[in-house]
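First, one chain by itself in structure tokens, the form predicted alone.
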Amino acid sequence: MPTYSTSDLQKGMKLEIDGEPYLIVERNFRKPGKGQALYTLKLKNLIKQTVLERTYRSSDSLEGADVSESEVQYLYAQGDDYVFMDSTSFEQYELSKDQLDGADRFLKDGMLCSVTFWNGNPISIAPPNHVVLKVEYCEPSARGNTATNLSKPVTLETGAEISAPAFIEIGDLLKIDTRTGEYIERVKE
């Protein structure tokens, strides 16, 4: 794996620290009056999903992580495990509910997702940023609530519960941001 000087580090790069892969979430440069320049990094552990902050001098170097991404198709859930298939090699991968980090709320059969591999093993999955899901259940809308800022809980076809505007009804298709779990808009069929 390549070795990076601290001056080469950028947000979004993946590094190996203490034998685990990390993603650079934030990078800050500081040059004190005396001494070397300092780089403060906010790093997210790609396995445990924890965040840590470390400071490095300009003379330090860090090793890149052996991380790759591939497109996979969601097949089915089997207990607390979720099965995905590589679209080109047809190899299947099982990831636990913990590895999905909440993404399981928005998975539909056949959906294409991005899987992250570290040293050849799948460690996390990311569904598309936006998905269209059908409303399975919600309370009926009250007449006259169409132009206000009221919201109500809505249950989607995948079982996820989100907050949506009061005018949403059962059977509506909603565009959802999977990163935040927020309602974006109602979609016409």
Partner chain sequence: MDKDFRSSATWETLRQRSELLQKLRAFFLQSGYVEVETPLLLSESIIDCYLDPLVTQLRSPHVRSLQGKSLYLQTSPELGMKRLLASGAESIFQIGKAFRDDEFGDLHNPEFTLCEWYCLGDKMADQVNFLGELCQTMLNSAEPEVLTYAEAFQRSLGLNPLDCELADLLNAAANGNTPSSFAEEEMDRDDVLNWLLSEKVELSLGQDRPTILTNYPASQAALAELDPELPGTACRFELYVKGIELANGYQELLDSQALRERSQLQQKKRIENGKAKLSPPESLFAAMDAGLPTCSGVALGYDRLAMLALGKTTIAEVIPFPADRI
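What we label the rigid core is the largest C-alpha set whose atoms superpose within 1.5 Å from one form to the other. Positions refer to the first chain, counted from 1. In this text the structure is predicted, and so the values were computed from the model without any measurement.
Unshown form predicted in complex with the partner chain; subsequent notes refer to it.
When you look in the predicted bound form, the only residue of 68, 49, 121, 55 with a non-hydrogen atom within 4.5 Å of the partner chain is 55.
Within this chain, residue 134 is remote from the site of the partner chain in the predicted bound form, having no heavy atom within 4.5 Å.
The closest heavy atom approach of residue 7 to the partner chain in the predicted bound form falls within 4.5 Å. Contact check for residue 27: a non-hydrogen atom falls within 4.5 Å of the partner chain in the predicted bound form. Within this chain, residue 155 is remote from the site of the partner chain in the predicted bound form, having no heavy atom within 4.5 Å. Counting a residue when any of its non-hydrogen atoms is within 4.5 Å of the partner chain in the predicted bound form, the hits in 29-56 run 29, 30, 31, 32, 33, 34, 35, 36, 38, 39, 40, 53, 54, 55, 56. Relative to the superposed core, residue 32 undergoes a C-alpha shift of no less than 2 Å between this form and the one not shown.
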